[in-house]
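Okay, here we've got a single chain as C-alpha cells, the form predicted on its own, with questions on binding and movement later.
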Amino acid sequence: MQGRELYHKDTPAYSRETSRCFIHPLDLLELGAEEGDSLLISTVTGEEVFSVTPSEDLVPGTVFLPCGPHANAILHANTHGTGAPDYKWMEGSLALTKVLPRSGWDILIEQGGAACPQVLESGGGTGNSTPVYDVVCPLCGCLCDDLVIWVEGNTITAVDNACAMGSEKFLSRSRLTTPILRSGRSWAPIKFHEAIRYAAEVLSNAERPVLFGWSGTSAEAQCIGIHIAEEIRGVIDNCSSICHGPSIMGIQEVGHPGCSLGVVKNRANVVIYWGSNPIESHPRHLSRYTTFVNGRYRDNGHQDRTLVVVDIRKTDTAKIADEFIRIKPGGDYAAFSALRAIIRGHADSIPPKVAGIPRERLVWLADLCKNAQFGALFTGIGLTQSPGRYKNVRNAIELVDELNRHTKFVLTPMRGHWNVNGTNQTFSYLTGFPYGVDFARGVPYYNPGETTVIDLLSRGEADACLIIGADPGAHLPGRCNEHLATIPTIVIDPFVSLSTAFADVHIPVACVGIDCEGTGYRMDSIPIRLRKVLDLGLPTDEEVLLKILHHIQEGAKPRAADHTEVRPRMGAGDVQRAS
C-alpha cells in the first residue's frame, strides 16, 4: 500500500501508511496491544508513535517499519563509512501508548520544514481517451516497456499493463505547475526565471554545495548536473549512496558477474532473491524477466524454474517461492561463507546451524545452485543496509564465482529508482566514480562515508543543497532533514515531495517518461529511451539545469576578471630574475 502512495505524498493516505509498524502477534500479546493500538518505539536517536499491524510473517522480537518520516525520526545517521545508514538494523524498545501517530508533515515541520503546499488537481476525462502503445514505465529499475497509456487532452485517464505503483505515478495529480518560494511556514508563487536565477546564485555563493538525487531524471540531465558540480566545485551524489552503494563497493573489489535480464528470462532455471521482495518493490520483475515468463529455452515458464527466496521474514515473494529459507538478521555473510565452503567440498566442517539456517538446508541450496543449468541471484538492500554491508555483496559475488567453476551463474542487484543505475553509468563515464563525487579540489574525488550525502548533512558540512530526482525528505535520517532546514535548499521535481518541506524554492518540471523524453538505464545496464505522452508546457530538467549552469558561468566571468593579474610580456632577450 505504501508504494501506491509514493506520488501522493501530499495526502493523508501516505502518512497513514508510513506510520504503521508490523509486529508478530506474540509480541503484541506480551505488550497487551491489539491491531490499531499505538506503540511508542524508542531508539538511541529518538522516539516516535506508530500504529500496530499484526504480521505472522515476522520472527518474534522484530518490528518492520515502512520507510518514511516516522521511521526516519528514530533512525541514526551513522553510515559506518559506506554512505548508507542502518535501514535494516535498528535496536530499540516498545511501549504501549494512548498517543496517536502524527502526520508525516507534522514530523517534517518539527524538523524545521514547512507545511505541504496546496496542489490544484486537474479534472478527469470525459471518456474519449486515445491509447498510446509501448510506453516505458519510469518507476523502478525494471523499466517495463509494454504499457498502454490512455490520454484525453493533457490528462492521463487510464493505464494498462503497469503495476499498481507505476499506474499511480502516471495517474498522480500531486504536481505543481508554478515554482513556489518558501515564506516562513507558507508558500508563494514565483516565476520560472526568478527561481532559476535564485538557484544559480545559491549554488554559486556556497562554499560546500551538495547536488543530490538524479535517480528520477534522465541521463542527459545527469550529465548537465555533473558539469554544474564541477563548475561550482561542489559534491554531486546520487541515490546509490543510500541503497546499493555498498553493492557497488563490493563490485569494485571483486567485479560483477552479470548479464542482461533477457538472458535470465531465456535461460535461467534457478532464480534466487536474497534480501529482496520484488512483489512489493519491483512488482512485474517475476512476470517479465524471471519466474512467470516463457523464455527461449524455458517454454513452460514457472514449471521449468526453481524459485528460492532467502529473507528474514516471509514476504509476499517468499509465499509464492518453491523454497523459502529464513535467515537471521545480519547473518548473510556467514551464510554465503558456508555455501562457498560446501561447494568446495567442506560440508562436514559446517556447524549444525549457520545464521539460523540448518546445515541440511544449506547443503540442499548449494547442490541446487551447483547443478543448475543457468542460475540467477538477485540481491536486495537487505544485504547492503544490514551488518556486513558491501562485504555481504562481495561474498555473494565470490559465491557466484565459485559456482561458475561448475555451471553458469550470474548476480544482479535489484536497483530501485528507474534510473538509479543510469546515475552510476553517467557519473562513472564523466568523473571515473559512480556516486559521491567531490570537486572541491578541482578534480573528482570519491570516498564513501565522507563525500556521500548523509555524512555531509549529518556533519553539518553542506551549506547549500540542490535536490533533483529523489526525495531525501522521505528517506534520510531526521538529523539530515534538520540540517536541510537550516541551509538554502532547491528542489527540482515534477511532484510535491517530502523534500518540498525543506525547500526555499521548488521548481516544477516535466516528468521524464510522461511529458518529456529521456534516457534511462535498466537495472541490467541496458539503456532505454523513454517516450513523451503529454505536453503540459513545463520545462524539462535539462532545460532548467542548462539555464542554471549558464547563470553560474556568466556570474563566474566577472569574478574571474576581478582576480586577474596582468603582467608585462617578456621580450625574447629578457631574463626573468630569481628573487
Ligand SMILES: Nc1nc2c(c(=O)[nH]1)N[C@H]1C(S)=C(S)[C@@H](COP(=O)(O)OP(=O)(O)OC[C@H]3O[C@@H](n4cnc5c(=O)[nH]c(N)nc54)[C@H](O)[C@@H]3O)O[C@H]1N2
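The first residue of the shown sequence is 1; numbering continues from there. What you see is a predicted model, and the numbers here were worked out from it, not measured in a lab.
Beyond the structure shown, there is the form predicted together with the ligand, which is absent from this document and is the topic of what follows.
Scanning V509, I232, A503, V393 against the ligand in the predicted bound form with a 4.5 Å heavy atom cut-off leaves one residue, V509. The contact residue chosen from G255, G81, P329, G356 relative to the ligand in the predicted bound form is P329, the criterion being a non-hydrogen atom within 4.5 angstroms. Contact with the ligand, judged by heavy atoms within 4.5 Å in the predicted bound form, is confined among 455-463, 411-419, 435-443, 367-375 to 411-419.
For a residue to qualify, one of its non-hydrogen atoms must sit within 4.5 Å of the ligand in the predicted bound form; all three of Y7, I242 and I312 qualify. Contact annotation: W187 falls outside 4.5 Å of the ligand in the predicted bound form, judged by heavy atom distances. Residue contact with the ligand in the predicted bound form: T426 places no heavy atom within 4.5 Å of it. At the 4.5 Å threshold, heavy atoms of G478 stay clear of the ligand in the predicted bound form, well away from it.
Using a 4.5 angstroms threshold between heavy atoms, W274 counts as touching the ligand in the predicted bound form. Using a 4.5 Å cut-off on any heavy atom, the residues of 491-516 that reach the ligand in the predicted bound form are, in sequence order, I492, D493, P494, F495, S497, V509, A510, C511, V512.
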